[in-house]
Every structure is written in structure tokens, then in C-alpha cells.
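Starting off, we have a lone chain in the form predicted on its own, written out as C-alpha cells.
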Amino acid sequence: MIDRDLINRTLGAALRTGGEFAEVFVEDKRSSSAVLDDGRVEELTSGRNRGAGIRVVVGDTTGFAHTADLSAAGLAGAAEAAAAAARGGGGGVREVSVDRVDGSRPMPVRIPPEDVAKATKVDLLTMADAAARGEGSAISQVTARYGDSRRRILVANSDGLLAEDDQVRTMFSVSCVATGDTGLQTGRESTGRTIGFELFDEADVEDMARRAAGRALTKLGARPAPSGAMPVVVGPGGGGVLFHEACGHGLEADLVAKSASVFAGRVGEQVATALVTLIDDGTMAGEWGHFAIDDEGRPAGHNVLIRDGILTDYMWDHLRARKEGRRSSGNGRRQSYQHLPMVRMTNTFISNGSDDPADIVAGTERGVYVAQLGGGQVNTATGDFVFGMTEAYLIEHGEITEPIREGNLIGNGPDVLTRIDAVGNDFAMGSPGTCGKDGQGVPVGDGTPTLRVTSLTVGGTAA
């Protein structure tokens, strides 16, 4: 993306005034999107974002500057600005020679999205709209979204590292609104992969639209959710966001270092039932949080965070790992070249157990079955959370019965881990997501098999 000699000179400029560590991150990202709402194409956009971020570290101080000017003068100016922010004055010259380091490559892209005509992408939207509306006259609104991106990055640093990655992502989603006696009810379905337009060889947008419409229509006849503490069975894939938010963030090393995590200082302790193994894995080919290298140039990792209920490790970026004299776990990520990297999840999930999902439901006399969770709020320092249930059903006498609506799950992440008494053998990843942290968003995935929590508070509206 830029000449190696220019990289070396830029790193040299960053270190000239006494920097201990310097890093150049170059990004060239192209993206396109289309939105159809109420039968009309409301958005059809494309864009490009290109530039470099330069980080210089002196002791515990980090200087950072970014520029859209990738010329020698532009990079030198940013390097000097970052160095000045980290430490003024000093002198001397430190020469750097970088060597290439490559992680495992992402899945090969068979159909680059940029080679596909916009009209073809819009056709997907209109097909989804027609399929959703065909499910019934109660479907009053359909919104379909298409998006793709190609993100090329280069990372070089004063330790001699030089690494590159080429990340292609494609996604599609359908949201439906149904109108009836109970008001407006919604249903949503989405898919996204780190692959090209061949996504639509495996994803049928019309089938997605029918499922989204079906969820909305089902909720028109749903009962209000019950209230109180009860067993909750979480279905495959749809509940992964609970563990991403309520547990995953607390296992990020930066929050641990700030004592802003309930898991701080607990490596080696039992933090969950022995049925629970929690993994963060950026190497999962094709998944939304997959990449070859993280945004500090480190290979993506398969990181077991909790094994058989025992906390084994945290997620690490390069600088925090360096202070501890260990390797990064490949979890240094940033939204763009305009941002500093921080510890972030990739694809976070609870791995398969051995229980039959049907037996888990049959063994639950009364409770709630959650097929899909929506957004929520989490306090990482305490683990307390609230999540909306976007698709849920009553469990009565060991059977899934009536759909319910207007309900939340309320609990504490670490406490939930100790209340899991069954884990199924039907693991699935959930919908693609964007994880927000300190104002930055990055693509992530999450997943679970069917599992049961012995007691969770359901916040419903039923008397």
C-alpha cells in the first residue's frame, strides 16, 4: 500500500525524539450500501476512506496522530506530531528495518462486491420486500438493507513487524413491522460474512424476508411476557449477544487493568459451571469477526477464556501484553486509521455441550424460551445487564407453547455463568453485529448452543 522505505523513514521520524515504540497503521477502505424502505430505494451510497494513523509510545504516554495524506511529507508530519505528543525534546536517530509477518488468510473472495452492478444489489432488496409483504396484509412496513466493504490494511512497527490484510465483508438484513390489535410488532433477520457477493449463494433473501415477517406476525397474537425469576432456555445462536456483552467485555485486558471488570485478578478461579467453555476466535473462517491480522499486525487467535468453568486468560492487545511480558492474543482492534487500537472481541461464543436440545426443553417445567435477543445495556464493572427479547416463547410442562412479547432479561453476567445447568450440542453463530466501545465500532460475531439458566429475572408486563 505504501513503499517499505517510506515506512522505515516514517518510523524513524517517529522515534527520533526519544520514542520507545512506534507504529504505522495504513488503511484503504471502500464500501457501498443500499436501503429500500416502504417499497422505495431511499439510499444508494458508496465511499472510500484512506489514510494512516501513527502511534508513538514513551513510558506510559502514547502520542497519536492521523492523516489522509500518504505522501512522504504527510506521513513525516504525522509521525512528528505523534512523537511530540508522546515526548518533546530529546534527540538521536534510531533506524528500523521491517520484515513481513503474515497471519492465515481470510476465505478467498469468489465474487468481489465492487464488480457487481448496483442494479443487481437493488434487485435483492425488491425481492425481499415482495416476499415479506406476501406473508400477509398485516405487514405494514418493510426495510431491507444491503452493504459491502473492502478494507485493506498495513501495519508496521519499530519492533520490525510488517503485516497486511485484505478484508471483504458482505451483509443483508430485513426488518418488518406488522400492525394489529396489539399495536405495532417487529421482526428482523440478517446475515453477514467475511466473503464476497457469493454470500447470496448460501443466503436466500426471500426466505430471510419471510422469516422476518413471520416473527412480526406471530407477535401480533403473542401474550405479554411474564414477570419474575424463572428458568430461561436460550436457543442456538440467538442468545450469544448476552455472553458477548455481559461476560466478554469484562475479559478485555484494558478493563481488567482499570479494575473495571468483575473478572479482575480471578485467573485460575472457577467463574462458571463446569459445562461452560467460553472462546474468542478471530480465526473462524467466514464469520463476521474474522480477519488474518488484528489492527496491530498480530495474527488472529483462538483464545480460550473460560475452560470447563475455570477462568484461563483475558484478551490482550499488543501494548498491554508487552507490559506483562507476554504475546498479544490478536485482539487489538480499531474502527479506522483515525482511531487508536484497543482490546476488542472478535467472534465470542460458548462452545458445544453434550445435552440434547429437546431434552433441555423437556426438562424445564415452566419458564421462557428465548430464540433471539435484541439490544441491551451492561455495566462491565458489575456485570449487571438488561436485554430485550425480540423472539421468545413460554415453556409449559416441558413444551414450547405460546409466543410472548414486551419482555426483558435482567441479571448479572458472572452470576448467569454459575447458573447454567445444561448446554446443548447444536451450536450456531448468531447474526452479525457491531460492537461499540469508547466511541468505536468494530464488526463482531457471537454464538451459543441451546443452554439453560436455572433462574433469570424476566421483566414482562403480564399481571
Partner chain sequence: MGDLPELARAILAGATDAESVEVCVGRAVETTVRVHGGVVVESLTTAESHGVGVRVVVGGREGVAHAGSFDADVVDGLVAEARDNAVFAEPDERVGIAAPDGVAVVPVDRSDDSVAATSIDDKIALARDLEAAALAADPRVRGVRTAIYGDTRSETAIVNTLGIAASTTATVASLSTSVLVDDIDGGTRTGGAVDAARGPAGLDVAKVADLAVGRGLQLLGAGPPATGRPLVVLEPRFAATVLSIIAGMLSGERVVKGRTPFADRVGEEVAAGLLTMFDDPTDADSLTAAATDGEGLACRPVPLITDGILRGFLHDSRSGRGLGVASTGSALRSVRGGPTPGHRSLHVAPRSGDLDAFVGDIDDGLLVASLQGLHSGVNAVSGDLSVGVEGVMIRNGELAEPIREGTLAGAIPRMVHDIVSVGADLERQPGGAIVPSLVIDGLTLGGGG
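Basically, rigid core = biggest C-alpha set you can superpose within 1.5 Å across the two forms. Residue numbers count along the first chain shown, from 1. Please read these numbers as outputs of a predicted model, since none were measured by experiment.
If you look for the form predicted in complex with its partner chain, you will not find it shown, but the lines that follow are about it.
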Is its partner chain close enough to 127, 164 and 330 in the predicted bound form that each of the three has a heavy atom within 4.5 Å of it?
no
So its partner chain isn't shown here. In the predicted bound form, which residue out of 380, 364, 303, 194 has a non-hydrogen atom within 4.5 Å of it?
380
From 199, 340, 371, 154: within 4.5 Å of its partner chain in the predicted bound form by heavy atoms is 340
Partner-proximal stretch of 310-318, 283-291, 225-233, 155-163 relative to its partner chain in the predicted bound form, 4.5 angstroms, heavy atom:
225-233
Distance check, residue 119 to its partner chain in the predicted bound form, heavy atom within 4.5 Å
yes
Hey, in the predicted bound form, is residue 418 touching its partner chain, heavy atoms inside 4.5 Å?
no
Residue 406: touches its partner chain in the predicted bound form, heavy atom cutoff 4.5 angstroms:
yes
Residue 7: touches its partner chain in the predicted bound form, heavy atom cutoff 4.5 angstroms:
no
Across 128-142, which residues bring a heavy atom to within 4.5 Å of its partner chain in the predicted bound form?
141, 142
Residue shift check between this form and the one not shown, rigid core fit, residue 406 Cα at least 2 Å
yes
